[in-house]
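Below sits a lone chain in structure tokens, taken as the form predicted alone.
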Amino acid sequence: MNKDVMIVTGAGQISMAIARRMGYGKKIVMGDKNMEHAKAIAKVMNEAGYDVEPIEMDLSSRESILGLISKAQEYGEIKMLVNGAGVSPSQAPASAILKVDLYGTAVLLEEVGKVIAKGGVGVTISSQSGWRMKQLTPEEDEQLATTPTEELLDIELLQPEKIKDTLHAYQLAKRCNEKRVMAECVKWGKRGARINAIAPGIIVTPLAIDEFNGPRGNFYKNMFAKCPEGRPATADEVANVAELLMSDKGAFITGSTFLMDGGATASYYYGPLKPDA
């Protein structure tokens, strides 16, 4: 029996929280580069009554993305996309961050947008980090939004000599994600579908705990201590936002990015997290 299908990329806590919230009754095809990790997440969800099939997938590869989509189509129409895959500034060099988080996400949104079913919805996980960098020019923003995917990494803004460090590469990637969502929502709309982004702040996950205990730990602890909410968030709180965006209650929302960072970005510009404070 065919089911509506949800594609999930990145077998992490945020992806799983959203999949649990919105994936009941659907076939969930979950792609991750770490197959062992994907199988572990699938086991937890399947034992809770979901229908999850883990697939090995590399977000930096168009071929791998197309393979994931093809597998998903074997089960029915693709009605939902949850993109939580990516690498952080402490996990990879700048070139890999751009290849995975920027290029890979652009390809995924493009390719799923070609086959998404009428009434379909998608969310991609961006980051508060993209909101804390120097504003780009309108021309640079348009390049990030509309440059053909296979030419994206060739634009001047993304050349190695322009990238300060891995954090800067990550910020550019997340800015691109949000601009790409705006451009792709126009194409998705022609199929009667919607796509949005969520830009979370610090979310407690195994990776975040590693960061808290790592060389940048004090930076992150200071960030959530001095944001208005005074704490990090949970993956389920990200799922709360995803539920709005992916349900009928969000039927008029597309092409948007929802910043949910406990006010950290506000504090960065106007409060105690301001760089010169």
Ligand SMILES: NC(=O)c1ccc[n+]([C@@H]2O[C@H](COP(=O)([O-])OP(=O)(O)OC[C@H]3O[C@@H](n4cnc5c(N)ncnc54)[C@H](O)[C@@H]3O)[C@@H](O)[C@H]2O)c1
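Because the structure is predicted, anything quoted here is derived from the model rather than measured. The numbering used is simple: start at 1 and walk along the sequence shown.
In what follows, reference is made to the form predicted together with this ligand, a form of this protein that is not presented.
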Open item on the list: Using a 4.5 Å heavy atom cut-off, which residue among Ile78, Ala94, Ala183, Val100 comes into contact with this ligand in the predicted complex?
Closed with: Val100
Task: 4.5 Å heavy atom contact, Trp188 and this ligand in the predicted complex - done: no
Task: Exercise: Gly201 in contact with this ligand in the predicted complex, heavy atom 4.5 Å - done: yes
Open item on the list: in the predicted complex, does Leu207 come within 4.5 Å of this ligand, counting heavy atoms only?
Closed with: yes
TODO: Verify the contact flag for Gly262: yes if a non-hydrogen atom of it lies within 4.5 Å of a non-hydrogen atom of this ligand in the predicted complex, no if not.
DONE: no
Open item on the list: Is it true that Ile14, Asp32 and Ser126, all three, sit within 4.5 Å of this ligand in the predicted complex, judged by heavy atoms?
Closed with: yes
TODO: Can you check 80-88, 157-165, 111-119, 189-197 and let me know which stretch has heavy atoms within 4.5 Å of this ligand in the predicted complex?
DONE: 80-88
Task: Members of 171-186 lying within 4.5 angstroms of this ligand, judged by heavy atom, in the predicted complex - done: Lys174
